[in-house]
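The form predicted on its own is given below as one chain in structure tokens.
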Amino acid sequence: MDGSVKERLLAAARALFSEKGFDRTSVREIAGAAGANAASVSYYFGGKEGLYRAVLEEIWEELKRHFGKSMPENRPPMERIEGFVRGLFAFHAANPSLIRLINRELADPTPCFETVIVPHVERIAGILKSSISESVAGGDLREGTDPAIAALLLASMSNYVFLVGPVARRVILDPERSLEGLPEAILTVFRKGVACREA
């Protein structure tokens, strides 16, 4: 029963925090959605912040496993870069509400930002930057490419369509267009650039 209550609280909190954010979600709402007593949040997690931290940790553990499969460290660097973009799209497509939760935390950080978000982002960014550096050294990417800026551009391009959701689909992309080919388009722009001549 303990595990069941805990799991229900985590699932309810994940949905509500994604929909409303940390500040606008109450313990009473979470407990009601989980079919549990409000006191159970304090019992299992030490309060709302502890539950929020547990939700973020759960999400990042999923991302860690996901990236472990999509960009394993034993693959060539360009394959890891490609795995990052494809993996991010696949994760967001399978978990459409999570981008709102992550975006809220990035835009309006809670105390969990420094202890949960930053270490996990540093790890993934480190793998991506080192993959870019190796690809430059191996001649797959242009000499002089700044790994930090290139990683930031890749992450930005790969997250943007999910961050702005309906606006990106309606205003920038054709609403009927499938997102299926977008990871490959992003990788093509990344690999080849779009300029025909030197600026």
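Here the structure is a predicted model, which is why all the values come from computation and not from measurement. Residue numbers here begin at 1 and follow the sequence given.
Beyond what is shown, the protein has a form predicted together with another copy of the chain; the following relates to that form.
- Here the chain stands alone, but in the predicted bound form its contact with another copy of the chain, taken as any heavy atom within 4.5 Å, falls in 140-148 among 140-148, 42-50, 26-34, 64-72.
- Another copy of the chain is not drawn, but in the predicted bound form it has no heavy atom within 4.5 Å of Asn95.
- Contact annotation: Glu79 falls outside 4.5 Å of another copy of the chain in the predicted bound form, judged by heavy atom distances.
- Not displayed here, another copy of the chain is approached by Asn103 to within 4.5 Å at the level of heavy atoms in the predicted bound form.
- Another copy of the chain in the predicted bound form comes within 4.5 Å of a heavy atom belonging to Lys129.
- Scanning 102-123 for heavy atoms within 4.5 Å of another copy of the chain in the predicted bound form gives Asn103, Arg104, Leu106, Ala107, Asp108, Pro109, Thr110, Phe113, Glu114, Val118, Val121, Glu122 in sequence order.
- Between this form and the other one, the CA-CA gap for Val167 and Leu153 widens by 3 Å or more, being larger in the predicted bound form.
- Between Ala13 and Val167, the Cα spacing is smaller in the predicted bound form than in the shown form, differing by no less than 3 Å.
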